[in-house]
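In the form predicted alone, a lone chain appears below as structure tokens.
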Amino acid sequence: MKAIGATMVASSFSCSEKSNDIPASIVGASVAIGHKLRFDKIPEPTLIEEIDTIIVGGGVAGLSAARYLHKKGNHHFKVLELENSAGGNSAYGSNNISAYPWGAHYLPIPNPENSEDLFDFLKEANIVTSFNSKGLPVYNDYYLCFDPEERLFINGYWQDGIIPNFGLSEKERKEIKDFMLLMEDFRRRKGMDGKYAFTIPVDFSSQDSEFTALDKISMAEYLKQKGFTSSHLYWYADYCCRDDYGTNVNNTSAWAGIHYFAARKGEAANASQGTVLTWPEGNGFLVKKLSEKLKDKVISNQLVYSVKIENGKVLVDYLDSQTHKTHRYIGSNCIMATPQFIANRLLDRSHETISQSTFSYAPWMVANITIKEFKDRKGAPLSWDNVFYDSKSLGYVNANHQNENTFHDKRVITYYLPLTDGDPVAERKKLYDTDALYWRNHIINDLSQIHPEIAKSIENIDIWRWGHGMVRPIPGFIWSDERKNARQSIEEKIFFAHSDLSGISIFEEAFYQGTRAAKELLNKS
């Protein structure tokens, strides 16, 4: 996400009296509507309409599938989206200060070997403006992350970059250097099949057992096997797992942990490797670009509650949460662009013998905080990404960072807290059982460790709870049969598209899975 971990904190906080005056509210997502799938009996549909293709889910995968169908001249489709706007965990919002993300908020410059479809989209969106004589993409300068990009608060000081450096012993510095060299070696390595050991999309990676065996152990076990003992290195690896996966080093597959460091090989004519593309609204910008030609195709506030095949047709039943009327689409095809736990409910797969229990999802809390200028600590200046060492949160992103006007009387910061230390089912329950005031106090308490007087600057806090923010690449999942089998179509009528089919929830994977499903649909015999 923050590419969408923490246990719940104790209920005693050191918040000042001023904190009690700060308004806080929970603004998303539509939990009550979604839970109708589990608890309510919904009446049979009264309105019936025939259509060629129905896409269930308007996240990045669903929109990418829709974009591809539209691009290939197939326009007889609809996208049904539960929320009041499309985007999934790339949702975004805005106020009179700035747009801001509710989840994923950047795209690293893609690998050269990534699909032509992705680069076609980036050209359409004017993110890639041209290619130089060597074939390297030229990115729109306004979308490349401005300096300063990131900083870490450690030992009472802001340092440049988020790899711990300030106040470390020489022994720890050497361990971190050795680890990064090891990751760089993985970044270059290829398998006997000629494929990179780690790349994006995951499906393009080598399946040599030398590499896939790493999926069977945790990242913590891998670090231990390699003899690493630095607490700062363990913190950094843990932060990276929490940042991209909503997991920690103890419950992240070592393959996925290494993938974080070794998979990205992006090159550009006007940007260095590792540069990210970002916008005030985060990946909401990409959602808007995916949706530009689909305005009459996406129907929001629709709860799909049944998908089945009858007499060679796909029947999709859904409830309009605004009118409370039920509808049915009868189509030739359907793309299920939903996470697998939703797809299984809609398809009534409870009777099937193939287990999909390995699909596990990370809960998150994200908050957008409107503040006046606040007093900063010594060291590196306010950056795009601002991380706290030894905090369970991931810190905050400065939503105003990409604005051309560098002076801001007020700003919006986006605070990320993945819940990673406990069982995700229990953490999810706690997430929903706690109210806005609880999270307001938690956020202020955490921020006050770095900005002691920040409560005086906060005007309001809006909170978004992601119960199933992203798939968790736990040990044994990435190269499991369950993940591979979940993408198989049903009777070449129902196709599957979601980032959880990759095992890693990032924009490129969602785009790839959506486009792949659309191609399978168009290419079916």
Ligand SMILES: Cc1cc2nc3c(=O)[nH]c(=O)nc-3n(C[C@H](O)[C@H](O)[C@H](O)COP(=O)(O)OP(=O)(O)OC[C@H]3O[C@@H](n4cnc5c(N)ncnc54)[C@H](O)[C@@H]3O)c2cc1C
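Heads up: residue numbers just count along the shown sequence, starting at 1. Every value quoted in this text rests on a predicted model; they were computed, and no experiment measured them.
Keep in mind that the form predicted together with this ligand is not shown, yet the notes after this line are about it.
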Partner-free chain; cross-checking this ligand in the predicted bound form, the single residue of P164, P110, P201, G87 with a heavy atom within 4.5 Å is G87
Exactly one of Y106, F388, W158, W439 comes within 4.5 Å of this ligand in the predicted bound form through a heavy atom, and that residue is Y106
Partner proximity in the predicted bound form: G57 to this ligand, non-hydrogen atom cutoff 4.5 Å: yes
- Query: Is A517 close enough to touch this ligand in the predicted bound form, meaning at least one heavy atom pair within 4.5 Å?
  - Reply: no
Contact of T247 with this ligand in the predicted bound form (heavy atom, 4.5 Å): no
(Q) Even though the partner isn't displayed, in the predicted bound form is G469 close enough to this ligand, meaning a heavy atom within 4.5 Å? (A) yes
Only one of 66-74, 477-485, 43-51, 461-469 has residues with a heavy atom within 4.5 Å of this ligand in the predicted bound form, and that stretch is 461-469
Contact check for C240, F285 and A399 against this ligand in the predicted bound form, heavy atom at 4.5 Å
no
In sequence order, the residues of 279-314 that place a heavy atom within 4.5 Å of this ligand in the predicted bound form are N283, Q302, L303, V304
